[in-house]
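Subsequent text provides structure tokens for two forms of one protein chain, presented individually as structure 1 and structure 2.
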Structure 1
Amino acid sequence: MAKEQVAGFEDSYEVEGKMALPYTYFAGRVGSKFITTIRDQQKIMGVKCPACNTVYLPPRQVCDKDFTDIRDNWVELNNTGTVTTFTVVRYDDRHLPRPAPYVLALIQLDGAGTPFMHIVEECKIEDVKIGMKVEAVFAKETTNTILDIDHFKPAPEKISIHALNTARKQWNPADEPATNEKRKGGKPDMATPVIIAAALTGAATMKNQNPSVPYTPEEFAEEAWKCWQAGAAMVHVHAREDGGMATHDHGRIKATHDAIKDRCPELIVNLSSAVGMGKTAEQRISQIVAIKPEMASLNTNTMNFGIVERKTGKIFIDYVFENTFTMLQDFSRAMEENGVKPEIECYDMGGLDNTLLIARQGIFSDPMNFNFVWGVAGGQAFRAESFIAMMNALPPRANFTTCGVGTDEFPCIMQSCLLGGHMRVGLEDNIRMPDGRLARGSYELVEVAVSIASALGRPVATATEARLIMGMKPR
């Protein structure tokens, strides 16, 4: 009991005590699901209060502001977030999760309304700042605690394309003569904003190939919203039934179109006049006339449009896609008369020439908007020199964009961007990222297009700019 005493207090002792008090506390069902979802799925889930729209993380049973029972209203959050405040732990203690010094931060995940506490690592302590972006790193072995997220590490800053666009000078038609002047010398005008379009589904890509393919109007609206957020000015849409079949039903197409416009009123919706296999000419064009989207696809030649295995050349589906001169003429006229800008799909030089021939009737309003399509089994594969030949064959003032099936997608859009044209990406054309993994959605492919534009120093067009460039009425 007696320890060495301080001088002057040799006859005063201290009594030593010891407490060892084990305790637990229960996470409850809601808290436990939060942890098991992190453990088993590496997903961070919060709960959203429908009364006040607060997204709580960590999740809880009840909104403490309005007492709404929110225990079943789960929402998935991003693995990235922002440091809202932090402290540096500078002393060691057995109960602490890391040897000192380390950073404990309040982190608000993207999409969450409340911050939660976690460790920030993989950077110098002095580099941690309020407002820095961080990303969750999941633990390799579970402890069935919040430490199944092992820590957060600095995440690359992702600057919103919309923020960038707000900050720069807007493109206007007065800039166009300069653009055409430059093109004459074969030199692209890199100052023209590049329009990024996202083709969300096509008629054939199914959820079993990529679960992000939308079927319902709600799914279309959600995917379109994500693409819009990522930088797309336009979406190209083939409506589907709930089961995934392509449909020519006016009601369903309109519901899909309207759901997207309700969710992102700014976005240009481009409907398909191909719809899907085996539809009649009437089925293909009547829906465009009925719904009158701002833009619709216009197909330019009758061609093989099949599915052939690339490696072996084996034919899986043999199909002739019929687009006679009469159809080309009637569809063009119907679109122009109804204020729908045609997106002229050219699968080879022949399609382009067909269009120029018909155009002598004076059907098309200026400027014409072409899309060079690569890699369809029945159309031409992507070749850089073919691209340039097609571009050089365009009438004056015409715009061009491009899309490519499968791995043709990335080189063709890069070339288009390089030559002053525009870019189309999306699950209709390609379900994978450049590294081969499945894209999380068309929006992730839009992000690739945005990165190409930023690498080449081209601004990404806003929807307003896209309308001006493509000759549509302002909204």
Structure 2
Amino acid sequence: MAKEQVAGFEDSYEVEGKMALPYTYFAGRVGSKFITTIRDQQKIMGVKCPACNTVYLPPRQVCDKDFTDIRDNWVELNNTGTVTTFTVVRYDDRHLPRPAPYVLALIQLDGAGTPFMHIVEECKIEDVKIGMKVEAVFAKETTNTILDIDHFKPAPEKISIHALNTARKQWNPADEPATNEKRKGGKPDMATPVIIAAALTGAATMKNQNPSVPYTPEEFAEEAWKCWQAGAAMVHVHAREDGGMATHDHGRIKATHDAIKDRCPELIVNLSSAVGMGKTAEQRISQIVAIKPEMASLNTNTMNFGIVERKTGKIFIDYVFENTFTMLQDFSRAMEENGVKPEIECYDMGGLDNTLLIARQGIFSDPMNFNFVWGVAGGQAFRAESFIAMMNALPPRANFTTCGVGTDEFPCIMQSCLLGGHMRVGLEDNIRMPDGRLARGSYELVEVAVSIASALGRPVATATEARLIMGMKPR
């Protein structure tokens, strides 16, 4: 419809209206494979950076972090994921994929390091929430677009480990024959529930490595609660200052300890007596005596303890971790006299032998609880035969758990569970999941440990059972 003539152009006039301009575009080499794999195989593919292990979805050609060319490094992802944030679209437009209202969410698939946007349906809008588990529903008719994933729907809720524990018979030590006898002849004790501990921080893991590392008492409490929900009976804690540095300040450590207990009273709190690099013997043990946690780590030998780049051998931090015989003796005695059960950390067979030598003084109460630590730069790497040798050297009635740094974590905890021992996981030791992506928190690593126990047919210990197994008095 004519509006008006334009001065100087009397033979022309303006027209109001909208013009449709249909067009096609090339999705690119990476985008095309992403779309056609969904269309033809109903598989969702991402690309993984071999340098930093980040898995990108939607896929891209170059890693955002280190600019590595990743266009050919495809990995298949699960069809399930988690809603990280969402909005409700409340207006209609013919270019939108659904009539309003509907939910548009950022969904991070299991195995992916980045979220992507899609529609959530098959539930009420008011029931959608951040953290909700969802699964993909593929379109019955293809469109050659991202809408070949038609939408995501709520995924079935997993049965809580606490519901499973409530339904089974509770473990009673009176029902168990002597543990040491069971180990003989290669017959592991698979009936005793497996204790899962979560080491939330360590002294060196920082937020720039994994943003889920807690610093404040509130962050520790929230992460500990998630770990307990996932199946952990115990958390191991190195308290931090707000800036992330490990601290020996009694007030800060007590605030962290108490915040965890307030949030999750049932959980066992195991404080570190190592604290962090450069702490004196007095700074390390005085906070244990002052706070009296149910359990505390006890280190057993002086050793190199560095940060060394695994691929090149380049040394970043070189440090001697001092644990003399006198410290081992005095720390052990202080813990036992104050009702704190020692968790005896052995980085090699020498640490175990040191402990057995000091134990001749009659310091330790039964059962002794050992933790075999693998993969520290300065200690021994995980080897299955070394694990068995250490297990066979334990005194009667002793318990053993294990933890491993980096990629040593998963094989060592699986072997421990298989041999009747216990498992420690968490961001102190390892910041990544088995598929290489960053763990969303220590609780996700606890979920891996629960899966291992489930696959091997071992029940997961409640905190009450963990106290019975480790010889702790109920509190």
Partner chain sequence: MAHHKKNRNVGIIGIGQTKHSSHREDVNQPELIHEAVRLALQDANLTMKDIDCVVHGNMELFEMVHQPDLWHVLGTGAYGKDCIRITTGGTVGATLSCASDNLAASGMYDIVMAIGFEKLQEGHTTGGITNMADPLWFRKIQAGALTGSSAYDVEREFGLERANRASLTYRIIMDKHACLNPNAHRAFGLEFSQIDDLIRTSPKLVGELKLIEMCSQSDGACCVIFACEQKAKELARTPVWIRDHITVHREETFNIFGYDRKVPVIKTHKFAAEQLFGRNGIKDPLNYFDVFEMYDPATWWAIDWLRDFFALHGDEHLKLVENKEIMIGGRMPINPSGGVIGSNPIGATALIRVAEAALQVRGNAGPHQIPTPVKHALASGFGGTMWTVMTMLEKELNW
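Residue numbering: structure 1 sequence, from 1. Here, rigid core means the biggest group of C-alpha atoms that superpose within 1.5 Å across both forms. Because the structure is predicted, anything quoted here is derived from the model rather than measured.
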Can you tell which of the two structures I gave is the form predicted on its own?
2
For residue 93, does the CA position differ by 2 Å or more between the two structures when the superposition is done on the rigid core?
yes
Is_shifted residue 282 between the two structures (CA, 2 Å cut-off, rigid core)
no
After a rigid core superposition, would you say the CA of residue 31 moves by 2 angstroms or more between the two structures, or not?
yes
After superposing on the rigid core, what is the C-alpha displacement of residue 107 between the two structures, in Å?
16.0
On a rigid core superposition, how far has the CA of residue 150 moved between the two structures, in Å, if you could check?
5.9
